[in-house]
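Shown here is one chain on its own, the form predicted alone, set out as structure tokens.
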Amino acid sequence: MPFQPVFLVTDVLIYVLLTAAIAFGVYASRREHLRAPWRQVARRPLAMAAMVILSAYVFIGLLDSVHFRERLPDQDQYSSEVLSLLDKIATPLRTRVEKTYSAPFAVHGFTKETVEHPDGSITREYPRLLYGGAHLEDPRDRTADIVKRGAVATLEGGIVWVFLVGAFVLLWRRPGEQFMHALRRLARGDSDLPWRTILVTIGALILVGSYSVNMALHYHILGTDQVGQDVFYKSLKSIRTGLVIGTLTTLVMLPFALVLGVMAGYFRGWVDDVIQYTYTTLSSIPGVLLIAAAILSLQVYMANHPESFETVVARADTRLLFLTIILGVTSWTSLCRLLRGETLKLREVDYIQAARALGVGNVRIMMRHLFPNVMHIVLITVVLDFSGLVLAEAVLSYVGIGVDPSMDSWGNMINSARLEMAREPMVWWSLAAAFVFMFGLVLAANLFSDAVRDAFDPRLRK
């Protein structure tokens, strides 16, 4: 085979989570009481725009979650370097490494270097970059070249979007309806779902993608970092880290919160006392200190047992997995309290009392009656907590107890920007890139979660 598949632990968990999400979608599509709230979410234009943006982030994260090793040329062995599909697609960005810092769209280095000329003279000047703007014979043509390539990118993206809208209208129009009439109806927003908003958001993403591809092949559109790596490439690689922190932590948090919260509210008595004592004690421990102690203990183990990790990527992945576990263990208490309170109310309703009077077992009552009736709280909490977990990774990496320094993440980019912001002149683009990408993900997640909360919370339903 030309490549050898590599399955990291977080990759497998991502596949499991994706499979569970698809299974839940199929399950919900067959039940009206679940379809109705999701239809309400789908009718909100802002929520659908946020969903399109989130889908773009998820697509990039999935591309970066398929890992493999390439076969060495003319050898029956595989490379020790673990790559992903995103690495393969973005090979020009990954391999074009400069000496050190360079500003966005720059053609010269950011700092002066000693340059020896053919005539033997030595001067201090800003050297030409090895790759950024290397296609230009005269650096002064940079502005005109950027404008030209930007216009071409806009035209290409516009053509793709027009064909996409045309194909959608052909499929979406009513039987016997003329194309132009259906197009005008789409432009007016005359549809059950906000297709106009969805298509406009997709068009904006297509334009951004077209511009990024056209420019990133010839310039470092977000500059380079201290070791000359492309900041735009590092920002794309950081998407997977943010998504893993925001989603896999849920897999750890949900079993504790759901099972213990429902048990505490249903059984009451000494069971409730033990569970309350457990999460009250855990809540009393400062979360940052607990995470720091766990991560530092893991670092000691990794330093003493390097043979346990085959590659640097596996080592960084183990630390990422451990971080999600610690975040899950420290963040289930608030949801457990909510579920306990809701279960205390549900256990007194008539159908629960009737089931107990008929001799139905406690486990069956919890599975058939309690769990389905508290899922709206679970769904709302999980969606709302996603953005908080993404921000938590940035904060933890900033204080040095986040993901492995060798792993690309927005937190590591912000952490490295501390010294860069103190330079003269200031290196601002790494911090700005991390902020823009994180802001886009968190804002889209918050807008979508607001719609989910309004649709699933019984108190807010019309």
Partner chain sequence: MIAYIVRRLLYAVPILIGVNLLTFALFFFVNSPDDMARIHLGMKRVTPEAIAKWKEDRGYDKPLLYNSRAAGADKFTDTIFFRHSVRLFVFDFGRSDQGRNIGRDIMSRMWPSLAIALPTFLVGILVNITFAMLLAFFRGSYLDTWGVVVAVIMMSISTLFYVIGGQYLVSKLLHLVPISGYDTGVEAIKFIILPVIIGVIGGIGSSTRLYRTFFLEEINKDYVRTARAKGLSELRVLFHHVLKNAMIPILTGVVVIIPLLFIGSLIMESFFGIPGLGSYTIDAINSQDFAIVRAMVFLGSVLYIIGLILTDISYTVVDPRVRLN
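Take the two forms, superpose them, and find the largest set of C-alpha atoms that agree within 1.5 Å; that set is the rigid core. All figures in this text were calculated on a predicted structure; none of them were measured in a lab. Positions refer to the first chain, counted from 1.
Beyond the structure shown, there is the form predicted in complex with the partner chain, which is absent from this document and is the topic of what follows.
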Can you pick out, from His218, His108, Arg173, Arg337, the residue that has a heavy atom within 4.5 Å of the partner chain in the model of the complex? Arg337
Considering non-hydrogen atoms and a 4.5 Å limit, which listed residue (Ser308, Ser80, Gln299, Gln178) is close to the partner chain in the model of the complex? Gln299
Stretch in contact, per heavy atom within 4.5 angstroms of the partner chain in the model of the complex, of 281-289, 249-257, 154-162, 236-244: 281-289
In the model of the complex, do Leu13, Leu54 and Leu62 all put a heavy atom within 4.5 Å of the partner chain? no
4.5 Å heavy atom contact, Asn304 and the partner chain in the model of the complex: yes
Mark Phe435 yes when one of its heavy atoms lies within 4.5 Å of a heavy atom of the partner chain in the model of the complex, and no otherwise. yes
My question is simply whether Ala394 lines the interface with the partner chain in the model of the complex - judged by any non-hydrogen atom within 4.5 Å. yes
If we define contact as a non-hydrogen atom of the residue within 4.5 angstroms of the partner, is Leu431 a contact of the partner chain in the model of the complex? yes
Pick out the residues of 8-28 whose heavy atoms come within 4.5 Å of the partner chain in the model of the complex. none
CA of Pro73, rigid core aligned, shift of 2 Å or more between the shown form and the other one: no
